[in-house]
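Just the one chain here, laid out as structure tokens, in the form predicted on its own.
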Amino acid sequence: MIKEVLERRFFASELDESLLGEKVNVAGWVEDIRPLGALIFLTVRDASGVVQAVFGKSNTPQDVFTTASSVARQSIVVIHGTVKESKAKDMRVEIQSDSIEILSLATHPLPIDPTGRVDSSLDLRLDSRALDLRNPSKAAIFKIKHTALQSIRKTLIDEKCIEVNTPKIIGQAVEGGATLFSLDYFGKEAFLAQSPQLYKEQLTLSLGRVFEISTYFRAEKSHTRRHINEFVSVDLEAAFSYKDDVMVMLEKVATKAIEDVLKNCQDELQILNRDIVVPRIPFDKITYSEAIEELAESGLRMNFGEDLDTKALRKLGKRHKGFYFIVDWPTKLKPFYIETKEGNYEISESFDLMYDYIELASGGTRVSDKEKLERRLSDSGLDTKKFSDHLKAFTWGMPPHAGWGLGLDRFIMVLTGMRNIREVVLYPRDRFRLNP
């Protein structure tokens, strides 16, 4: 019986004036109960929205009225009734209810208040994440993330990129072993992938333009509001392309995602009180050397070749609002696979996409010559023998290529206005959190 009822149910968001007088079933969780003498008002929410169910003592069986008055908040119920006009100012219609069936009782006290009326710490909310997402403001984050993901994938496909899936258990480090999780792989040392870099470069040899949206791992002990150890990265690699070409593609990905979120997530943005605008392209660009000069003007003196730490990036973010690129980084600050400037080995053909002080993406032109790649490996202190499988692909006719990796979770922080990356990850993993 319940199965048949659920097959005929409506989502809360589907109920409108076109259904006035119709009999409907709605399934969801009880958010509020307001008994007013001979009437009981139940607010029932599902993943799509909220609806008010009204039970009248005069026209409802006593057992139904009693159940409606005593059901625990957050319990899962099925409501059956007739769609009527609502007198509530924030609802167009309501359900004049005939019956209520409890499918699953919520056991109180609950660990957190999913309505958000009682504040809970982020740690407590993450400990009860599935319940936390009943809060519309928390669910809104992931509806926006869903929309952005759809948009990113479509944009890259429209750019004639092929979606691929590369291994997450690997036999060699991409950028050295310091930030790799190691594991025993049937008696051999293996690692969790921190990037698809080597694989996506190899795939340009035959597939041209490739992209991957997947989870990666970094064994960093940092504990900040923008770092986690398991993260989602959007990676692109394009044959017959150079730094400037893939920067244009990155601008398209970012701006189209913002356009689609604005088009399809107005309710969610309103819930989050978030106002975003589509950025103008091309994005502003400054060189690393110009960044060093700007920092000196701001009172922070740095030597050429020093990495830009959080303090430096915050100062730059005050001068460059919104999205901007930092290009032409010192070679020694970039991985071995980044190409160097023609005639200047000290400067790399690289870029970082920034928003305020947050690095969102990093990329550049890749080394496509085998001998130069071997030299770059050696200069980086890496053993070329451990990269033999990768190097041999460069003897099969490797096209010039370029690419980038975009941190999806950080990008969603920008779209939603969240200040902690853990807010935009369903079940974040950092050095202190392994559960749930």
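Sequential numbering from 1, following the sequence displayed. Just so we're clear, the structure is a prediction, and the values are computed from it rather than from any experiment.
Below: the form predicted in complex with a small molecule, not depicted.
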property	result
The small molecule contact at residue 405 in the predicted complex, heavy atom, 4.5 Å	yes
Partner proximity in the predicted complex: residue 134 to the small molecule, non-hydrogen atom cutoff 4.5 Å	no
Close approach of residue 363 to the small molecule in the predicted complex, 4.5 Å, heavy atom	yes
Exercise: residue 159 in contact with the small molecule in the predicted complex, heavy atom 4.5 Å	no
Contact check for 168, 199 and 215 against the small molecule in the predicted complex, heavy atom at 4.5 Å	no
Interface residue in the predicted complex among 288, 211, 355, 337, criterion: non-hydrogen atom within 4.5 angstroms of the small molecule	337
Heavy atom within 4.5 Å of the small molecule in the predicted complex - residue from 268, 235, 349, 94	235
Option from 110-118, 248-256, 306-314, 218-226 whose residues, in the predicted complex, bring a heavy atom within 4.5 Å of the small molecule	218-226
